[in-house]
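A single chain comes next, written as structure tokens; it is the form predicted alone.
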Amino acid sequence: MKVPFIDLTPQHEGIMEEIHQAIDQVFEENSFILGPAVAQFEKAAAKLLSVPHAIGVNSGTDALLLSLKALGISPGDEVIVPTFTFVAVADVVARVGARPVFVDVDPLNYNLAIDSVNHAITPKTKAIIAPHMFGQACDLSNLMQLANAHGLFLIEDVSQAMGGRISNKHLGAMGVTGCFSFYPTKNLGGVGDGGLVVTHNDEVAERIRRYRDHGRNGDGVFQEIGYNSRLDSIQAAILRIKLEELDETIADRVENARFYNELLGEADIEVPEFFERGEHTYNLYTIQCENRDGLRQFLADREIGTAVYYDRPLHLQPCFSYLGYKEGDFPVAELLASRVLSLPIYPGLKKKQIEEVAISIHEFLALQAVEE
């Protein structure tokens, strides 16, 4: 049975009429950039996340970049980031002239390792960027305590975890800013790029609104050098519709993860810990396997799609060679990069497809055991 790694069709099938109506409305208004659709989506997102400010931008990357700018991060500053994550988390630090300081991650949940963060803090440290990796909430309680003790900004990267909660508080609403991506494969995905910054801080919110629109204030005056990072109205209109489906799509992901864990719990692989109260949204369902590449090829031969997030830690990427890190500096991240494999988990995935994936994994592991 063919099982694609991602299929977005099921998410859109039941709402296509609403989507077409929303797009038609944008054309009737002839307001395609920062128009009423954007304001309506921002208002809906702010209400959902229980924050006073939600600011649409053109990508999750820019959400992080504008947060750093609004917080005054500049050359000479250091920002702590995990080495096992997407490149944007660190490259935005470099783009404001600051220094990314890499730290290791937890071997089971892939989030920032608190001890590694603690050891990386110096007098130059100004902020910590904390991604909720693969949809699982990071240890915000200890991270916030650590940040407060040292006077640091804590920025939440919620790109893979929109809709997640800790103790009924939404992820993204607890740091000084929360940064979201609406790349099509995310929990809340658009039909192109899009992002959001949320904050409780009025001054930070006002700066981000200016930065996203070339540094222009509400009076049309360009107060500072900014960026072109505005959320398109068509994207916002579609996102507002899909926002109403978010809880349902996450519930589907959680149920798929539950079923995977039932089928793979006894296999000789590492499966994600199961949560059903919101701590993990399962944007990605990532296992660990000693012979990851062999398993991936075995599944590909059966037309089962997989992906690797991430096959090389950031401290070993050529673009960060100037920082002087070397192999062996972050052993957990380096080991994970050779072992992780993400399986299909998208909403609309059928149980028989999940069974096909699990059966194939068991067969591969059985063949490996015979060969050994």
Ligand SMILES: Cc1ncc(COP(=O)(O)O)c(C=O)c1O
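It should be emphasised that the depicted structure is a prediction, and the values quoted were computed from it without experimental measurement. In case it trips you up, residue 1 is the first one in the sequence shown, and so on.
This next part talks about the form predicted together with the named molecule, which is not shown.
S.K.: Looking at 292-300, 225-233, 116-124, 81-89, which one sits within 4.5 Å of the named molecule in the predicted complex if you count heavy atoms only?
M.R.: Among the candidates, contact is made by 81-89.
S.K.: Which pick from R210, H280, R253, K186 sits with a heavy atom within 4.5 Å of the named molecule in the predicted complex?
M.R.: Looking at R210, H280, R253, K186 one by one, just K186 meets the 4.5 Å heavy-atom criterion.
S.K.: With the named molecule left out of view, which of A333, I55, L64, A37 would have a heavy atom within 4.5 Å of it in the predicted complex?
M.R.: Here the answer is residue option L64.
S.K.: May I ask you to state whether G172 is within 4.5 Å of the named molecule in the predicted complex, using heavy atom distances?
M.R.: The answer is no: G172 has no heavy atom within 4.5 Å of the named molecule.
S.K.: Any chance S59 has a heavy atom within 4.5 Å of the named molecule in the predicted complex?
M.R.: Judged by the heavy-atom cut-off of 4.5 Å, S59 is in contact with the named molecule in the predicted complex.
S.K.: Although the partner isn't part of this model, could you tell me whether G178 comes within 4.5 Å of the named molecule in the predicted complex, counting any heavy atom of the residue?
M.R.: Flag for G178 set to no.
S.K.: Is Q160 close enough to the named molecule in the predicted complex to count, meaning some heavy atom within 4.5 Å?
M.R.: Result yes; Q160 sits at the interface with the named molecule in the predicted complex.
S.K.: Going through 248-277 from first to last, which residues have a non-hydrogen atom within 4.5 Å of the named molecule in the predicted complex?
M.R.: Going through 248-277 in order - heavy atoms within 4.5 Å of the named molecule in the predicted complex - there are no hits.
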